[in-house]
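We've got the same protein chain twice here, in two forms, each standing alone as structure tokens: structure 1 and structure 2.
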Structure 1
């Protein structure tokens, strides 16, 4: 029973990492940019989700509006920050992204205050029993929401004309442009999608912990960057598997070696060991 509970807890955490990291890996696959400011959009989504839920009394409305606003913010970041420097060496975009994330952290501190926000009435806190394991409703909703979003993303990528254009642009932007695919529109779509997913993850993490603070994006962002390397840069399926494996490793490690290292240290120790053995990641596609 303990193993089952740890696996479930790992899947809850891992699925949240997955929807953050998938956005990152989509952007890296398209532009070869490590989008550190993704963490700022994760935090923005969390703040908007809490504020809008408190104002409207509807968690669903809070999530939808936070995803929409963060998606638009993601497009703005691409247009104003990345597009002007795409012809420069990759480190220029990376430095710009780091600077943007630091600026966003300070902006959140100024606008929302340094001590964090909470839900006035935390939604979905009822406890239910699933296969003998006690879970809060918000934990179940987190996993179900993440699975639905990842499934919808996979369907769009594989079964629609939008997804075909998107994959063609990732493989060869010049040839895809010859077939009438607008690469700029694809980039807008990818930034909107990745940013909206990060926002949903932010609201769900806020729901699980009932706390949003300016620096909450830092650790998930660092882990997500490591996850996309572990999964093979630009490999979406590898990123999903790596996210779930990391979540389960954290859950088991917290119980068995928690006296030696905290949860985040366990995760980074695992990532460092794996990347020392296989620097290109477990599922490198190229």
Structure 2
């Protein structure tokens, strides 16, 4: 029973990682940029979600508006930060992104206060029993939402004209430009989608713990970098699997080797072991 519970906890955590990391890996696949500030948009989404839900009284409205705003902020970050430094060595964009993330974290602290915000009336907290495991509705909603969104993303990427354009641009930006795909528009769309997904994840995490803090993005930001590397940088399917695997490994690890190292260290120990065995991640991008 403990195993089942750990696996379920792992999957809840893992599906949240997945939805944060998928945007990150899309952005990496397109621009070769390690977008640390992605977690800033995750935090932004969480704050907006809580504030707007408290204002409007509707969680759905809160999530939608937060996703929209974060998506636009994502585009702005691309335009103002990454586009001008794309021709520089990769560490330039990385350090700029870290600087931006530190700045965002501080901005949240100054605007929303250091102690965090909570929902006025926390939605979806009823307890249900599934296969003998006690779950809160919000945990189920989290997993279901994540699966739906990822499914939707997969459908867009595989079946629609927009998705074809994305994939073509990732494969070869110049050739796809020759076929009339505007690479800049593709970048905008990828940043919008990825950032909106991160915002949704932010609201869901806020729902799970009923707390948003300025520093809530710190751990996901670095851990999602680990995940996209595990998944083979730029590989979407690999990222999804790596997220779930990492969620489960953390759940088990905290029980069995928690005395040796903490949760974050377990994630990175796993990452380092995998990379030493297979330097391109679990699933190489191509």
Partner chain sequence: MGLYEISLATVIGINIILAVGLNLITGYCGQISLGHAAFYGIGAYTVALLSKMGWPIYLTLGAGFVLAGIVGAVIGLASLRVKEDFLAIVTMGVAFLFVGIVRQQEFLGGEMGIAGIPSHGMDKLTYLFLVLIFAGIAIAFSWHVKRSWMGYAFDAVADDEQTARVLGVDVKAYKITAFAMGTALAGLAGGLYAYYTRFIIPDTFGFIQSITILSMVAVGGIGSIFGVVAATVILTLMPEFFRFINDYKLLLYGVLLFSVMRFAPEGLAGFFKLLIPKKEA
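Every value quoted in this text rests on a predicted model; they were computed, and no experiment measured them. Positions refer to the first chain, counted from 1. Between two forms, the rigid core is the largest collection of C-alphas that superpose within 1.5 Å.
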| property | result |
| --- | --- |
| Identity of the form predicted alone, given as 1 or 2 | 1 |
| Residue shift check between the two structures, rigid core fit, residue 267 Cα at least 2 Å | yes |
| Following rigid core superposition, Cα shift of residue 276 between the two structures in Å | 2.9 |
